[in-house]
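A single chain, nothing else alongside it, follows as structure tokens in the form predicted alone.
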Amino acid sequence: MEDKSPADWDPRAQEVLDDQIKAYDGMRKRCPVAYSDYLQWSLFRHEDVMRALTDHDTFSNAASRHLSVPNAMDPPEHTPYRHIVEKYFTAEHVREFEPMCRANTASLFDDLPQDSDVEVMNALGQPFAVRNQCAFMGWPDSLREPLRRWIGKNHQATRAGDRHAMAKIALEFDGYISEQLIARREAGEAAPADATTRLLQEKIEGRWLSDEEIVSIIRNWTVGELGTIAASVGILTHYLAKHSELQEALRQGRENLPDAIDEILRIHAPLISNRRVTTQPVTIGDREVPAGERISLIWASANRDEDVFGDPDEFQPQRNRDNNLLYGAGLHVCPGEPLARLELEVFMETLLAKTRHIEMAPDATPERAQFPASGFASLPVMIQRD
């Protein structure tokens, strides 16, 4: 077994947390397969991440200590759960949700002050993500603020590696969802015909899903949805504020909006990493990695690999489309991709339609989010409205 000491880097070092994208760019060049006490093995190159995504025999998704449906499962166990989850993100269901998504988004912008500084994450990013998640799942408005606070506590505990706090926070989330399940069971036939009620009616291999399985499915949806969508709102707004020519091109329809969204989020990833675990000894690059080791796939680096994308900061949506790992690849590609695409397109369409110009707020500095979050913790911009 390889001597793992000293570590190649410290993912929680202040210089890494201050600018994750810059730090990962440096690691990709200096030590593309790197060991740390905190993350174990991290992969920074596009080809290494793609290998882990597609070699399911060597790189297992069963990397969680707790039930995680279906994210931390491998075939054949993963397959029937995945089929259940995919049913909730069909084109039909996404189209049905679109009017509500547009109404939620429009109301956020209608509440903004005219021609003034706006802190994007508090005024738009987090409310946009929480409102639409609650609407999609059929949850009451009263759950919005507890969920927003829960995401922040979850990120803080994860960054600290505090397993006691993480377990306590997981129980808190389970309580929120269990209340929704109980309410629907008590309502019987009068229960709302929403995604949460439908999950209570799902069977797997001839039996009903257990409450534990339902809560796990919803937890994975919620953590992924709230964190990455809110981060994406900040990243997209920041990029437009810094690139007025692209902002104007999108307003005039001279750039394809879905392609532009994907490319901006390739340049600055809304999700930093995912996990795998090795099932057997494997050589990655010039490193020998034993079986049973945790692997972190650093999306925020792989999607900026110069060997694939050239200058990682160059905006080239058509050129980079086929290699963009924004939604992953392989068996575990993000099942919620259709919903995420709808939400981000609706956000950008509304942002461009309800404003005439966006720029960085004078005399204010954005605060970058810290691992495991991405994007911005605060983002002051000047929004000029018609």
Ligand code: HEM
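Throughout, we count residues from 1 along the sequence that is shown. These figures come from a predicted structure and were not determined experimentally.
The next section is about a form of this same protein that is not shown, the form predicted together with the named molecule.
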*the named molecule in the model of the complex: within 4.5 Å of a heavy atom of each of P70, G224 and N274?*
yes
_Taking 4.5 angstroms as the heavy atom distance cut-off, pick the stretch from 350-358, 36-44, 53-61, 23-31 that is near the named molecule in the model of the complex._
53-61
*Can any non-hydrogen atom of S296 be found within 4.5 angstroms of the named molecule in the model of the complex?*
no
*Do T278 and the named molecule come within 4.5 Å of each other in the model of the complex, heavy atoms counted?*
no
_the named molecule contact in the model of the complex: P317, any heavy atom under 4.5 Å_ = no
*Should C334 be classed as touching the named molecule in the model of the complex when contacts are defined as heavy atoms within 4.5 Å?*
yes
_Exactly one residue in F109, W150, F309, F89 has a non-hydrogen atom within 4.5 Å of the named molecule in the model of the complex; which is it?_
F89
*Just give me the single entry in N104, T158, Q247, N220 that has a non-hydrogen atom within 4.5 angstroms of the named molecule in the model of the complex.*
N220
*Along 338-354, which positions have a non-hydrogen atom within 4.5 Å of the named molecule in the model of the complex?*
L339, A340, L344
